[in-house]
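Starting off, we have a lone chain in the form predicted on its own, written out as structure tokens.
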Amino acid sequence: MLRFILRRLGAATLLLFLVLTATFFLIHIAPGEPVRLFDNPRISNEQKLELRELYGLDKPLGQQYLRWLGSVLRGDWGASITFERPAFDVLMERMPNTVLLVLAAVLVEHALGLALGLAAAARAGTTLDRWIRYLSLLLFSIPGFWLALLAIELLAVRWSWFPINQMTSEGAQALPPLQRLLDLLHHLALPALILGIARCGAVVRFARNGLLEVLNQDYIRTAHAKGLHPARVLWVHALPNALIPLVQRFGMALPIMLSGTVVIEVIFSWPGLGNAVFQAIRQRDYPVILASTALTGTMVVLGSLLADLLHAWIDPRVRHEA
């Protein structure tokens, strides 16, 4: 197992290095330069030249890459042009907000998706099964930004059930701890629901198809023939084996959603990682873009490894092969 983990980490490290290298050259080759520095009419041409020299943008692209690579190997991702702070510090400051949103959304995604998938599989071929499959296809097809805008219009603007934006209310820091927590959860509820609901269609399909495949196995028919209660057969004998594909998907859901929250964070003005990356892309903030690519790539690698380890923990056959 240790050799398997080391082999996976080595291959993932090489892949991450290639992705970062490609990202570096693509964002530097693309037309334009950092907006915040060079589109400011109050900055003279002499000052622009000094800034280009300060950030190393006056050097040939190959020298810029070698300089950046050397800094990264020393643990320095450079200074953010937009935020005027170390790029990695900007991301780490906002990471807890995004992780909170992603964890809540993953909980919604898998709880709702698993419930609907189990209901569809338990009533396979009935009207309920058909409607759940239609609903999962609809959720899988609806763009997340459209669902977010619709939810804001109905639940926040028209009915005033949830706040429209931000992570806390104005002056929330002066509230007692319990009220601060409730205020945070109130602001978290709508973006987490939208992000989770928009992605739960695939979970419904995974859960339904996996459970139907397991329910047709010989040992399930044997359990029914022994007179076991149908609920016991479903929950004790069928469900653990049907969850193996979902476990694989769960391991990847966290990092993928972590890198895919940009639209939701921008719409809800959530002060997270995605919002910072969006601003960095608009301003051509190279250090933040590269640091965020490395961070999300690392999360995907760790998520993939976590999925494999969870699979091996559930299925002894995988442990033996590994």
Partner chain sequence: MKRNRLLRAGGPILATFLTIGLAAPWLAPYDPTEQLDSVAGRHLPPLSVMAAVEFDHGVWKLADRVERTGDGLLVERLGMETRYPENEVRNLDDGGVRDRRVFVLGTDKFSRDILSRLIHGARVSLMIGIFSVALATLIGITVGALAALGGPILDTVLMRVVDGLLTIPWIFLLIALTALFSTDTWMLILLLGMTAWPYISRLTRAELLTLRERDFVHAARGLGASRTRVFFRHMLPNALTPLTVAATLRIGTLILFEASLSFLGFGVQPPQASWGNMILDGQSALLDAWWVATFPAIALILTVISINLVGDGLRDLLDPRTR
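Because the structure is a prediction, the values reported are computed rather than measured. Residue numbers count along the first chain shown, from 1.
Only in words, not in the display: the form predicted together with its partner chain, which the text now covers.
*Asks:* Looking at 106 to 114, 232 to 240, 69 to 77, 139 to 147, which lies within 4.5 angstroms of its partner chain in the predicted bound form, counting heavy atoms?
*Replies:* That would be 139 to 147.
*Asks:* Has each of 5, 17 and 291 got a heavy atom lying within 4.5 angstroms of its partner chain in the predicted bound form?
*Replies:* Negative, none of the three is within 4.5 Å.
*Asks:* Do residue 61 and its partner chain come within 4.5 Å of each other in the predicted bound form, heavy atoms counted?
*Replies:* Output for residue 61 is no: heavy atoms all beyond 4.5 Å of its partner chain.
*Asks:* Residue-level contact is defined here as any heavy atom of the residue lying within 4.5 Å of its partner chain in the predicted bound form; does residue 287 satisfy this criterion?
*Replies:* Residue 287 lies outside the contact set for its partner chain.
*Asks:* Considering only heavy atoms, tell me if residue 300 and its partner chain come within 4.5 Å of each other in the predicted bound form.
*Replies:* Residue 300: yes, in contact with its partner chain in the predicted bound form.
*Asks:* My question is simply whether residue 267 lines the interface with its partner chain in the predicted bound form - judged by any non-hydrogen atom within 4.5 Å.
*Replies:* Because a heavy atom of residue 267 falls inside 4.5 Å of its partner chain in the predicted bound form, the answer is yes.
*Asks:* With the partner left out here, which residues of 266 to 291 have a non-hydrogen atom within 4.5 Å of its partner chain in the predicted bound form?
*Replies:* Counting only heavy atoms within 4.5 Å of its partner chain in the predicted bound form, the contacting residues of 266 to 291 are 266, 267, 274, 277, 278, 281, 282, 284.
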